[in-house]
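Next comes just one chain, in structure tokens: the form predicted on its own.
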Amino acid sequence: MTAPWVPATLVDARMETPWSRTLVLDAPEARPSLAGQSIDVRLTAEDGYTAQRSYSLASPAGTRPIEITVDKIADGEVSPYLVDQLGVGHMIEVRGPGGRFFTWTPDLPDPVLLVAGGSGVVPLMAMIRTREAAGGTAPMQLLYSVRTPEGLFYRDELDELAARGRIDVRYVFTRTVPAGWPHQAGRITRELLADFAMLPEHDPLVYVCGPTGFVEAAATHLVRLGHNPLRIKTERFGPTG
């Protein structure tokens, strides 16, 4: 049964990058979520025209208010409004959450390897925050690939967690690296995964999220390194028609 559309009020917002924004939404009628799930967002114009898109939740599982982080697509129907115009106190409609395959719960004792490409970090951040909220102790690694340092989501929060030893984080920049960065710009490779990622012998749960090409390449590298393909969950995204 499809979940109904329910009202959601913007109660807070912050810019994550110059072109992406986290929206904090009060949606008391929305169902509790699992880490890794998404919601649909619907906008309705004065003439009755509607447009909707799906966005991963960034907030910890089962918490309210909920959070999404929206990357602006220049010619998009929904994201420019959400990033540039939606004001605190304004209402939109949401539906969900949906998607149960790409989820993680903090009762699982297995080590976790998270591999993110661009805004694919959003559902993985929900897993990280859910683990923190539950006081989880299962080992967790994040390999996070972005084009430039300015494109990183949640950097202060991730750096703070890494400094406390709560998560092992590695950033990969594909176009421009920060000054003094010890590595050259480049994509995630099999060699990089072999150097950083948990060993296949540790049998981690693996979650890979990002653009289709990124996800397929990362998952293929991991399988060739010996990771169990049945333990690798993937979520792809791309431009909407």
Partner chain sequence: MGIFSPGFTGRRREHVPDLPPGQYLERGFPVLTTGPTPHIDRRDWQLTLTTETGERRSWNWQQMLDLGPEEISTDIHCVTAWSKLGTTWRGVPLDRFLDGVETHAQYVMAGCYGGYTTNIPLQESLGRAWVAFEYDGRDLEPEHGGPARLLVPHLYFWKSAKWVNSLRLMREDSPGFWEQNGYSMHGDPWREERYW
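Everything quoted here is computed from the prediction, not taken from an experiment. Positions refer to the first chain, counted from 1.
Below, we refer to the form predicted together with its partner chain, which is not included among the displayed structures.
*Asks:* Of 166-174, 111-119, 129-137, 77-85, which is the one stretch near its partner chain in the predicted bound form, taking non-hydrogen atoms within 4.5 angstroms as near?
*Replies:* Residues of 77-85 come within 4.5 Å of the partner.
*Asks:* Can we say 7, 101 and 224 each have a non-hydrogen atom within 4.5 Å of its partner chain in the predicted bound form?
*Replies:* The answer is yes: all three residues contact the partner (heavy atom, 4.5 Å cut-off).
*Asks:* Only one of 187, 190, 53, 64 gets a heavy atom within 4.5 Å of its partner chain in the predicted bound form. Which one?
*Replies:* Result of the distance check: 53.
*Asks:* Is residue 199 one of the residues lying within 4.5 Å of its partner chain in the predicted bound form, judged by heavy atom distances?
*Replies:* Taking the distances in the predicted bound form, the answer for residue 199 is no, it never comes within 4.5 Å of its partner chain.
*Asks:* Whether residue 97 contacts its partner chain in the predicted bound form should be assessed with a 4.5 Å heavy atom distance threshold; does it?
*Replies:* Contact with its partner chain, yes.
*Asks:* Could you confirm whether residue 181 comes within 4.5 Å of its partner chain in the predicted bound form, counting heavy atoms only?
*Replies:* The answer is no: residue 181 has no heavy atom within 4.5 Å of its partner chain.
*Asks:* Does at least one non-hydrogen atom of residue 229 fall within 4.5 angstroms of its partner chain in the predicted bound form?
*Replies:* Residue-level check for residue 229: yes, a contact with its partner chain.
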